[in-house]
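Form predicted on its own, single chain, as structure tokens, below.
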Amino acid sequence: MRLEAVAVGFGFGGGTPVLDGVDLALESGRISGLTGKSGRGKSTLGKILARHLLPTKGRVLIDGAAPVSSGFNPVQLIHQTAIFAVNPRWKIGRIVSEACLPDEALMQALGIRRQWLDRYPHELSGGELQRVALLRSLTPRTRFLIADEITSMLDPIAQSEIWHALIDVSEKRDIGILVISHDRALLDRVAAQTVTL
């Protein structure tokens, strides 16, 4: 499967375009990197690929066709701060099962303890909650994951554990991953190729 941005442009409120004529192609089972200076539109492009924003020019294609606008989105986006992506009034078990039943093997790979499922988001650390966000996003129907600075606020051990798990998931499930990061050392370790925006 292939996810493409074709001549994508985007501007907020008719101002100076944040993106202009951007082309990018992601393949299933391959980890790609995206880097560049702040303000160049990396996160905006990630949101466009995951259909959180619509491009003002160009288009996004999955296997050469426009994505279906309703139903499950096979392109999932994970942000830097997971607390903003969850309902604070729901327990973790409900948050995860909103997408699918928890995958035991993936829970283990991500270092998620079963007792976390009975807790609320504020009862977990940032690193623990990021693992939960990944678990929820990596459903059996997910084909691409947009990972926007997802480990930049975590300690080195947590970063290593999460990336080892994601590399394994990408290979076993044939999931394409776009790693958006300022950290070139990380991109050199995990990505097969890196594009600078």
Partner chain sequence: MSVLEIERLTVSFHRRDGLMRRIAIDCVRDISLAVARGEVLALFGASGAGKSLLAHAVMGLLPANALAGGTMRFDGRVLDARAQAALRGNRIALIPQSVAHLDPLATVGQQLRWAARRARHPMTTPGAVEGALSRFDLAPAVAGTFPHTLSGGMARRVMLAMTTASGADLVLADEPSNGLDAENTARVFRCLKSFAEAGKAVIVISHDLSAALKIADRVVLLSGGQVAAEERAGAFAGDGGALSTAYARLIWNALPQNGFSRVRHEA
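All values reported here derive from a predicted model rather than from experimental measurement. Positions refer to the first chain, counted from 1.
We do not show the form predicted in complex with its partner chain, though everything after this point is about it.
Participant: With a cut-off of 4.5 Å between heavy atoms, is residue 26 one of the residues that contacts its partner chain in the predicted complex?
Facilitator: The answer is no: residue 26 has no heavy atom within 4.5 Å of its partner chain.
Participant: Please determine whether residue 5 contacts its partner chain in the predicted complex, using a 4.5 Å cut-off between heavy atoms.
Facilitator: Result no; residue 5 lies far from its partner chain in the predicted complex.
Participant: Does residue 186 reach its partner chain in the predicted complex if we count a contact as any heavy atom within 4.5 Å?
Facilitator: Residue 186: yes, in contact with its partner chain in the predicted complex.
Participant: Closest heavy atom of residue 159 to its partner chain in the predicted complex, within 4.5 Å or not?
Facilitator: Close contact exists here: in the predicted complex, residue 159 approaches its partner chain to within 4.5 Å, heavy atoms only.
Participant: At 4.5 Å, heavy atom to heavy atom, what parts of 147-170 sit next to its partner chain in the predicted complex? List them in sequence order, or say none.
Facilitator: Read in sequence order, the residues that approach its partner chain (within 4.5 Å, in the predicted complex) are 152, 153, 154, 155, 156, 157, 159, 160, 161, 163, 164, 165, 168.
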